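In the form predicted alone, a lone chain appears below as structure tokens.
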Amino acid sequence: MEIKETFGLMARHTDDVIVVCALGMSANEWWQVTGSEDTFYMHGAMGFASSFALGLAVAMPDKQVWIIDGDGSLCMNLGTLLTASGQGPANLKHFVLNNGVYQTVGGVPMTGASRSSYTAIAAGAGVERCYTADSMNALSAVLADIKKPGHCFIDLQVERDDGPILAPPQPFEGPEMKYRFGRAMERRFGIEVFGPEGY
């Protein structure tokens, strides 16, 4: 599957979803397709978008939370699958862009990419429902099915590019990212994220 087409389809299912993107290709491509300022884009902490999203899912069990992860990011924090399955959040949906390379740094091959299965690893960690989507039709079926409650893992088999990512990153990070995302959550869901002191 081509990433932009994949994200275009996914974006049409996010009206009531909180989205967290891993750094690099996942974040940059999602920003290019959606321009979403309601998304949290992870910066400077490779592998930890899934941990951040798990915290949101536990804190807001009535809202569906999506992680858009990269295979390289997940590889750096595989333990997150055990932690998440231990919590069993019925509202957490973990997508992984799987192209077999570290695309952000120029397409360096992932170790063991041809011999491993993230879907099998997630299932072995105890994730309730695990899917592999290798076509747009398969992805459409998955997106319909994950609307039902249940902790889900979705391995997105996407095409890789020859070279580094070309999509420009979102023009904000760090403290600005924190406040944009927090204010978006306040507007969307009528909750208080920041107190009167602004933190």
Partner chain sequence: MSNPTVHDQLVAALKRCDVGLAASLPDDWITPTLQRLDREPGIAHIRVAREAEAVAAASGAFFAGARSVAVMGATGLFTCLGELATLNLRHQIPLFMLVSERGSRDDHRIYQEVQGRRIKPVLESLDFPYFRITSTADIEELPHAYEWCRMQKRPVIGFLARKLLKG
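As the structure is a prediction and not an experimental result, all values here were calculated from the model. Residue numbers count along the first chain shown, from 1.
One more form of this protein, predicted in complex with its partner chain, exists but is not displayed; see below.
Judged by heavy atoms within 4.5 Å of its partner chain in the predicted bound form, the contact stretch among the candidates 50-58, 141-149, 126-134, 27-35 is 50-58. Using a 4.5 angstroms threshold between heavy atoms, Ala11 stays clear of its partner chain in the predicted bound form. Under a 4.5 angstroms non-hydrogen atom cutoff, its partner chain in the predicted bound form has Met177 among its neighbouring residues. With a 4.5 Å cutoff on heavy atoms, Asn91 does not count as touching its partner chain in the predicted bound form; it lies far away. With a 4.5 Å cutoff on heavy atoms, Ser116 does not count as touching its partner chain in the predicted bound form; it lies far away. The contact residue chosen from Ile67, Val158, Met42, Ile154 relative to its partner chain in the predicted bound form is Met42, the criterion being a non-hydrogen atom within 4.5 angstroms. Looking at 131-148, no residue comes within 4.5 Å of its partner chain in the predicted bound form, counting any heavy atom.
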